[in-house]
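Before any questions on binding or motion, here is one chain by itself as structure tokens, the form predicted on its own.
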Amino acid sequence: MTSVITEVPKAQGSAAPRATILRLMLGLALALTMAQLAGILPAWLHRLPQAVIPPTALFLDRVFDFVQNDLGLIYVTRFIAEGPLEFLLDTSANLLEGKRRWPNLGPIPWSATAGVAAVVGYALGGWRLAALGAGTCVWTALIGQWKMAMQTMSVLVVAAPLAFVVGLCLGIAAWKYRWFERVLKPFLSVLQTLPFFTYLLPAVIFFKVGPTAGAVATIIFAIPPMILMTTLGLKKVSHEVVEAGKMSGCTRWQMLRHVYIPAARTEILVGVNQVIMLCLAMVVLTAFIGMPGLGAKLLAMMGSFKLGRSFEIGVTIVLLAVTLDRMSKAWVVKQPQHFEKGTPWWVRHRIPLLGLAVFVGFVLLAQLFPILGSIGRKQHFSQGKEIDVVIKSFLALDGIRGVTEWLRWFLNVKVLIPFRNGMLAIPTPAFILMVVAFCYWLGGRRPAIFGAVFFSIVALSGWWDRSIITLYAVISAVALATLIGIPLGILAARSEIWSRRVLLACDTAQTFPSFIYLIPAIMLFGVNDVAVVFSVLIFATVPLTRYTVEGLRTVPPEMTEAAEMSGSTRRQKLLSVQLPLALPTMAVGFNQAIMFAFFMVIIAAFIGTQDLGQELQRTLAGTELGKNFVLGLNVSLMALTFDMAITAWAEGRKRALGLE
């Protein structure tokens, strides 16, 4: 058959030097590696000598110490932590969990919260969302986790609005002033790829251990997407809408308040959804710095290998995440309701009034029936011990144990450890040349230059071997995820029904806080490299599957019809038409999978690794801000290298296919 998709011809003058450069880089890398294996490569070419490694961490420690003590930043941050921020956190904690602080009104009965959640869910998305909101609250209370959940939510309800306000203001400034956007963009790129441990230590040092540090780390972690979505939404406001606002005589403030922000409502609310989800994910992870709540309990249960209780807490976190995600997404698509002039106020505000009535009603009922106010240890229905017995009995079955033990042995001995040792055996300059060659082949000159700079910085950090072990886990997990996610996406895309089901499953899985993925890994494989790669694999499979389905679904029908009319088989149509056209969209999935893998492999340090994540976790026990920043920057630079190369390839592919 004649291929329907033809490659855009490249200029011969540019293709030949490109191929020559690639051969030279790969040939030199291979020669250096062979010399190392033969034992004739000088030691300074295998790894940089310690004498040439700059003391970056010590220098940064002095800089941070100067800023912290000499400039007095510590006094400002401690004033904020012990003043307005602590006041807000104490207030929310008093209302939600009953902490003895002002206004001394809490805790709010769980039944009242469930009733309000049902009303809000109904207003946003109907009865199904109402049942989800109320059901999540009922589950959390009946399982005996209400207080822990409210400890988590007391930080979330403070951190999310603050992240929204700061992100919105910075997004408006970036939209208004192009120079500010250009300055801000590199910082946002780094912030979005920094591992979460890098946020925790500065928060602990500059603020207080516990909820205040957790709230600060959460706010900073959640701000970048709000900035990006605000800027994007304001840029997309149509010229006609702006002209109409100007013709009506709006001032500059009125234009922003009544024209630009309402017109960018959808993008801003998408940013709100991302802020809420990132805040929940980070609040769970702040358990590492003493933040009480569901994350701390999950960490303790997993550390003591109580899988049943871990499973229950994991379900609660997932339900909270899904509920908040569904409600915030429903808010995005729900259009504002307008009323005719003269409509009674109680009609215009019937939903808030209904919510208030339900809230007051359950508060009063809780005074008569204490079980509607709180559920104690003797009253809850937790089955953690029983679930633990079931899980351990299941894993002890001969068939299950035989499969998991064989997989653990095979992957460790035959795949992962040889692959890791092979990567570590490559000399540093040879490895950098391979990365540069990959970036040059995939994305061109600019990503190759940045790849060379970024990996050279990693080499000069003094943590090269740990960085390579981190990269080995990421590559292993993404490679295995590709073998699972892409075929699954291809199969699902053949049917509209299965496409919807798989996309729904992917959407749900993306709302899971990352800690959740550690539970099945520990259950099946214990604590070793296989468990680490398995947890990262699950996390990375989701975007690969999702964007494969979406990419194949967006292929123009006329292209597939043309292939069918030319006599193509299903396999030929897939390989020659659908996949080539879907590749730019699938590249987004690859990009996200790599970003997710870098994020998850740091979290997997909890179950035992020898990478940057383990070193980052150790820094939390001290005050080594310089080392913490250097380690986090290494992760960020490696992630940005692949991000830039894949993004450049996807943009070039879109231009070649005429999709831009």
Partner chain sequence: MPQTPPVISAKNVWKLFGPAPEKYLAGMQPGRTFEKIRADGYIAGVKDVSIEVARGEMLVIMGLSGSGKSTLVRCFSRLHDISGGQIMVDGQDIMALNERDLIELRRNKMGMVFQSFGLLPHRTVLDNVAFPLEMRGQDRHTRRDRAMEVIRLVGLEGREDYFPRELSGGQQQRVGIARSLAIEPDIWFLDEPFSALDPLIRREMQDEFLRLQAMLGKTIVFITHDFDEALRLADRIAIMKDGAVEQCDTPDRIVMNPATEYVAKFTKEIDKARVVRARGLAAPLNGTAVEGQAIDGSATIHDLARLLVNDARVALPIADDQGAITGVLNRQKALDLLLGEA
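Numbering follows the first chain given and starts at 1. The term rigid core refers to the most C-alpha atoms you can superpose between the two forms while keeping them within 1.5 Å. Note that the structure is a prediction, hence the values are computed from the model and not measured.
Although it is not shown, the form predicted together with the partner chain is what the next lines describe.
Asks: Based on heavy atom distances of at most 4.5 Å to the partner chain in the predicted complex, which listed stretch, 183-191, 568-576, 243-251, 103-111, is the contact stretch?
Replies: The contacting stretch is 243-251.
Asks: Determine whether any heavy atom of residue 340 comes within 4.5 Å of a heavy atom of the partner chain in the predicted complex, and answer yes or no.
Replies: Within the cut-off, so yes.
Asks: Consider residue 262 of the chain shown here, and say whether it contacts the partner chain in the predicted complex, taking contact as heavy atoms within 4.5 Å.
Replies: Yes, contact at 4.5 Å.
Asks: Can any non-hydrogen atom of residue 335 be found within 4.5 angstroms of the partner chain in the predicted complex?
Replies: Contact check for residue 335: yes, within 4.5 Å of the partner chain in the predicted complex.
Asks: With heavy atoms only and a cut-off of 4.5 Å, decide whether residue 258 touches the partner chain in the predicted complex.
Replies: Yes, contact at 4.5 Å.
Asks: For the stretch 464-485, I need every residue with any heavy atom inside 4.5 Å of the partner chain in the predicted complex, listed N to C.
Replies: Heavy-atom contacts within 4.5 Å come from no residue here.
Asks: So, does residue 101 move by 2 Å or more at the CA between the shown form and the other one, with the core held fixed?
Replies: False for residue 101: its C-alpha shift is below 2 Å.
Asks: Quick check on residue 348: with the core superposed, does its CA move 2 angstroms or more between the shown form and the other one?
Replies: Yes: residue 348 shifts by at least 2 Å between the shown form and the other one.
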